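Just one chain is shown here, as structure tokens, and it is the form predicted on its own.
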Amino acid sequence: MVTWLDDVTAKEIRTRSFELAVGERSVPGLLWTPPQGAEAGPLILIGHGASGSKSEGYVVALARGVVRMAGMAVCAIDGPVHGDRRLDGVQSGPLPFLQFSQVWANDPTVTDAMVDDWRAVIDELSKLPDVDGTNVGYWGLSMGTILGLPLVAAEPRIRAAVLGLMGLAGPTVERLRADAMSVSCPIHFLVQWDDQLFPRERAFELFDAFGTTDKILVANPGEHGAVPDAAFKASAAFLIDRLGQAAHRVN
């Protein structure tokens, strides 16, 4: 069951917040679309990184840019121990980062729970007249790849994805390897050349493991969080292009 909260339209972008019950979990989310009355367009999901939230500056900027450029719907939800899933009000910083690292290492259910949350979100948003839930893209780096790659592998409604700032490493490395091998949709993969969290060699291994032959690797200089603005824009353009192609094939 979904509960719709704020609904504000400003500068030709409609922003709605919601909470979706998935089992015993409450999933907080934001949905950005063109103003009310717009035709249904493809849906892009954004998975934020560790220490951030659905309201992170780059998430909001990316979402609003996609709505303006392409008239598509964009949704972001808070990841585990992040954002409005927390009870202490801490929205960003080292505490969520450290707690996610602990959860990732010690809770084998966290990945499947996030996949279930995202799939329930797609199901619910598909009921809206301005969202085409059959033509979906995914964008997520770092933690957004750790938890998003399994979603991309499992969800046939996802037609293209942007992933990266991650490699074959960490507590779920074998899960990531297996899921990467089963991915068949187009992939745009981002690497930071001097990534201090996930070295580029591990990132190259993950890229190589993707089962799809339609994949692009883009490397930029700098450490983990130093993704340049141009890379954000290019990755958004990739999703807009590929989802547009998918919509054209259906029509």
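Numbers follow the displayed sequence, beginning with 1. Remember, it's a predicted structure, so these values are computed and weren't measured experimentally.
Unshown form predicted in complex with a further copy of the same chain; subsequent notes refer to it.
Contact check for 86, 89 and 100: none of the three has a heavy atom within 4.5 Å of a further copy of the same chain in the predicted bound form. Checking 35-43, 64-72, 22-30, 214-222 against a further copy of the same chain in the predicted bound form, the stretch whose residues place heavy atoms within 4.5 Å of it is 214-222. In the predicted bound form, residue 193 approaches a further copy of the same chain with a heavy atom inside 4.5 Å.
For the chain shown alone, residue 58 is not a contact residue for a further copy of the same chain in the predicted bound form, no non-hydrogen atom being within 4.5 angstroms. In the predicted bound form, residue 207 approaches a further copy of the same chain with a heavy atom inside 4.5 Å.
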